[in-house]
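The data below hold one chain only, encoded as structure tokens and taken in the form predicted alone.
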């Protein structure tokens, strides 16, 4: 009995084409880790029958025939980058186009080449350091999306900071420019040794009206007393897909601030896994998702407290308009050894259209008895009394709505330290609402 469907046929075809394509290439990252499982199984492709994907269907993604080759227009890309206020700052600027590092559009600080570069470059310069990170913290058996990433391993950011070193601000641009549907499976590898410090902004965007797919994996190890600030920005069009995983592990007395900003995309799935494997850790996770039209954003987060005396604070906000759908699923685990844990989680949503929807599911699993933990979620509309008050002061209904929406989002935006980045996100909010 043949159970093949057009969807499974396309997935099989894409996987087979990737295998053949990469068997003919010398890949800079191949051989770094024997733990990268490449046994793709189409029968395990995530569907809405799986609890973790209950509200997020990948059927539309599965029905697209992605090309393995793409060409780009450097002038168009340069013009776009020049329009970004933060592209002009004094910092590392790593530009990746269709999965490959674009040296002409990038600007790196030469003195930090061995600490901040692309994964392909570091695979040649310091392979022994990357071998300690790649595939170790992110199990390949997680799902078939990760197996595709393990197979392709497109270029991405690599930060390998030694003890006590502070890196210059890092901006990463993952861009797709193709006349055919194209997918990028980038791999970021970050290791901050003891007392190291770094700030990273990763920006995703695509051009044209062809379907595109970002499927990145980011692996981050933050050693004792190290500090990381990471901001992920997604500004894709309504033909774009995003299925990313960020896996972070923190050690004693380390600090993390992680921001996820989603302002566009047909389907966005953000998986953020945070393992607090130490004491006296401080972790902050902030998220803002703003969608219109017939689009979906799904934020799945996991915070795992494994040791005592650590704090985590998670705050996500959503603004849904048109026929968009927002999903938030946040899990907090407090293990038995994690006494004196403080863990807080909050998800708040505003629904601007009667056709928009929100599904939120905060979860706590506590196995320790001396902790302070809380979670909560709210969904509703803009306050009519506030709109009436603003209209009585001379604003139109649309102006009042936009002002209240911007104020709602501002509580997340103001937590981002870079002024150029805040200005850009505020501009995105103004354009959308």
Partner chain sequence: MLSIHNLHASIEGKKILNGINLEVKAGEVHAIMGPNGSGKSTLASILAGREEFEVTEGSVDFTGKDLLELSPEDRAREGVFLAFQYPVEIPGVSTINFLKTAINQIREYKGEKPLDAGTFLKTMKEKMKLVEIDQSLLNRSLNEGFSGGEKKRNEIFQMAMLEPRLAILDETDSGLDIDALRIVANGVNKLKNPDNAIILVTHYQRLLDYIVPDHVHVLYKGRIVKSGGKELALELEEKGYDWIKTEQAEIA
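These numbers were taken from a predicted model, which means no experiment stands behind them. Numbering follows the first chain given and starts at 1.
Only in words, not in the display: the form predicted together with the partner chain, which the text now covers.
In the model of the complex, the partner chain lies within 4.5 Å of some heavy atom of residue 393. Interface residue remark: residue 64 is not counted as part of the site for the partner chain in the model of the complex, having no heavy atom within 4.5 Å. Among heavy atoms of residue 51, none comes within 4.5 Å of the partner chain in the model of the complex. Shown alone here, residue 374 lies farther than 4.5 Å from the partner chain in the model of the complex, counting heavy atoms only. Across the options 374 to 382, 51 to 59, 403 to 411, 360 to 368, residues that bring heavy atoms within 4.5 Å of the partner chain in the model of the complex belong to 403 to 411.
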